[in-house]
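In the structure tokens that follow, the same protein chain appears in two forms, which are kept apart as structure 1 and structure 2.
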Structure 1
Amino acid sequence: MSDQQTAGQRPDEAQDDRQDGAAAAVGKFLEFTDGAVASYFESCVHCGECAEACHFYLSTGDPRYTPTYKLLPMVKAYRRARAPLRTVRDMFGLLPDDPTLDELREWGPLVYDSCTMCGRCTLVCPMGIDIAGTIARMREGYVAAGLAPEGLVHATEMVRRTTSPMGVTAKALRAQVEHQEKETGIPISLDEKGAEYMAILSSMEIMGYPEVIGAYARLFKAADISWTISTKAYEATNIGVQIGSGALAREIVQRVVDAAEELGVRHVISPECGHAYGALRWAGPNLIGRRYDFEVVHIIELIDRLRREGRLPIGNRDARRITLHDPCQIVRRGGLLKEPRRLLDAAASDFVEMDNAGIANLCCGGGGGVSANPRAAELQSRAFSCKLDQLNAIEGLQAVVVPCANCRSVFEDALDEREIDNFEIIGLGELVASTLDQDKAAQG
């Protein structure tokens, strides 16, 4: 539904559309205000700790970017319809009005442009409020009202047409796979039934960093495991989670599940991509309403497992001074904290941590659909300044391992914009593959 009056539409009809849009949003807000969310709204003490954790607030000093403030339209709907003592409050004229479509539209940049759902605010909240998760639910209301950003709407349309938010087709995938086969000299199977693993990739990896596919080939050949890529479900990015559409998120997860079960694989590999991992591994079974017949394993988790089993022989370690960016959805909200560090300790001789490393690390500023939202570009660039401060604090830094394709793209664009080229941005899988003992790996 458009929130603007269409040509030839009577003013009263336009007013009805605005009311319908606002009502749809409020309906979704209330649908997703369960006991947990209601307790969040009641327990917030407005201490401001979440602001000090948010890279959008830290980079601008603007109090509008205080994470709990972004929830206000959903809080208003709750206060009016669900909060305790609302009848008494109504008697004294203390109930808030439901948010109007104009108010929702005004709040849109706070809901989509200035929140990556990174969860750092959730981490520091003394009351344990899951602000990031509640923003995700709030976005469902925005989708219902037709108020999602144009960039994310376009990405959604591309997913429905091609399965990829960037419009990457199976033909494009095949071309990139063929190129990597020539580069590595290793065959890469597509749609192979009975393979042990099925790898899924993000569009950014396929088109922007196809060397990731070659790294997989080298690693899995060395470890002597069988793997394949499905031409029906090669896309990992879950735009449904980012835009706020549970139905689309479910459809994308189901596509992967169907392909994995059709091929009869035992494991599905989630790539170096943040929200893809959370959507498939943690939310996926709930989205489709059943357990999987296979294990979901993150590529970092798998490489670490294979290395600890002695199946990935490390040769000469990378001698550069290297640090690690912790992708929010993989580390803070995904739990993969030790695995990337074990791999870096094995593959790099001068690995150093940045300030606030680990679960408290700062977001790159482009997750949660922000990087796919052109409206947010200037704010995203300002938010990256927090990450740049972390990098500049490391003397002699030569490379940054960024194990998320979206984060990696954000890093590269932000550094190019600032004309900074004194360190390289690389993926973790590629680094490990480049440090394999080639003689032993060839025997795999």
Structure 2
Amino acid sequence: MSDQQTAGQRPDEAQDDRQDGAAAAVGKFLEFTDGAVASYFESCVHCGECAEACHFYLSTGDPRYTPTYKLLPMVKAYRRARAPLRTVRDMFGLLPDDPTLDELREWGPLVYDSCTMCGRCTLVCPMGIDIAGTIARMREGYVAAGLAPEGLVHATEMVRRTTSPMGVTAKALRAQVEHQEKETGIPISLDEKGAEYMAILSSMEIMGYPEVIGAYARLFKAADISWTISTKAYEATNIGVQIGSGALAREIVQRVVDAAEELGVRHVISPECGHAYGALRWAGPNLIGRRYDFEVVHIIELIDRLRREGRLPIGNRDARRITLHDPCQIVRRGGLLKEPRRLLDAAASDFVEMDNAGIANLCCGGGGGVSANPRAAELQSRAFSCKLDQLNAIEGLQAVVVPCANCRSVFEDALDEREIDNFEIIGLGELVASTLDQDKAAQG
């Protein structure tokens, strides 16, 4: 019995399942191939420069991790069924076969384990191909065929049960909020109707870095803005975007939209979490089919805005030698390039940029669902070596600002694994909150 054949199935039934799975994947590949994706497939000249931008290739030297190669099954489906002039190619027997389920399964590690959808390959591509965005669409096919990695499937099940991929319940949120109220001495409202801002957080922040909530309390008290957290929609993580399930991504966005509109807030704050920003700010309206009645503002954008308005007076700047990691979905694919730098210039007296800082910065290796995929653990750790090289190149480095909870967790795990403890990993909001001039803030 083949490994694809389940117990009690006749061989012909197993064969049918394989064909159905492959057909489902191909159907999604074609559904998600619009003029943009088609132009990417048509213009790639197989120069391979994208490999030189990919941390998975750079850290392993394995040509299979060449970004454009990861798209091959989707390219084949396109050429066979959608490409202009395909009938002429067919006359010469030049059309490729549709990808089989076995081929798709073989490609799984390239689509999920070795792509964080960081988009760095686009920068080096002479054709400007958005490979990361195309991988995101390709994953829809993988989900349809039931080929998504187990770790991500488990996370989606957890989201369906608890709304959080880590199983964080509203009760756990309340406990963390109460703890932060005690820590800061500042009351934090939950489910407050009429608040101006509604904050959402990633599970990792709630459970791993709850001090983020305290930082919000200090910053927003200083700026004198009203804010709240909804116990119905506190989770920012959008596992649907990571695994490639538009339906689940829509459900998660809709939950936030419903809560925000029920509370009547004017702004929803996207947290220091890369893909959550892209999911809510850029994909969200397209997923639910309409614009929101509120503005989505990233926490970095908001803090920067408040500081420039003079509502967040900075006191003593952090004197440590600090550098900034650029989370891919916030900076390169999110457009927030200047904001974190303005904040660091204001809050740190020895802020130094790492090599390739800004739009060309290297990914941590754990984005795009890779860190939730145990199958990819070893590869992720190797990819982090590229990031570590950037950090090690900075003499006397004492702290790294990592404004993404997922990146931060990847950093901490990778540094622990390597027993490196000579610099601290911190969030940007916490850094700014810790440098607030409390006297001026109190005077308003």
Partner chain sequence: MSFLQIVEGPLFWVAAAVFVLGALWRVGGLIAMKRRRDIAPPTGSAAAGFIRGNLRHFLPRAAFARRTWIHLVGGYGFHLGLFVLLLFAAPHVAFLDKRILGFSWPALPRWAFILVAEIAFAGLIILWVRRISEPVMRLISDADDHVGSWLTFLVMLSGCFALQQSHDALRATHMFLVDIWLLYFPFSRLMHAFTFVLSRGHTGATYGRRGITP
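For residue numbers, the reference is structure 1: its sequence is counted from 1. Between two forms, the rigid core is defined as the largest C-alpha subset superposing within 1.5 Å. The structure presented is a predicted model; accordingly, all values stated were derived computationally and were not measured.
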| query | Between the first and the second structure, which is the form predicted together with its partner chain? | reply | 2
| Yes/no, residue 194 Cα shift of 2 Å or more between structure 1 and structure 2 with rigid core fixed | no
| How much does the C-alpha of residue 93 move between structure 1 and structure 2, in Å, when the core is lined up? | 2.5
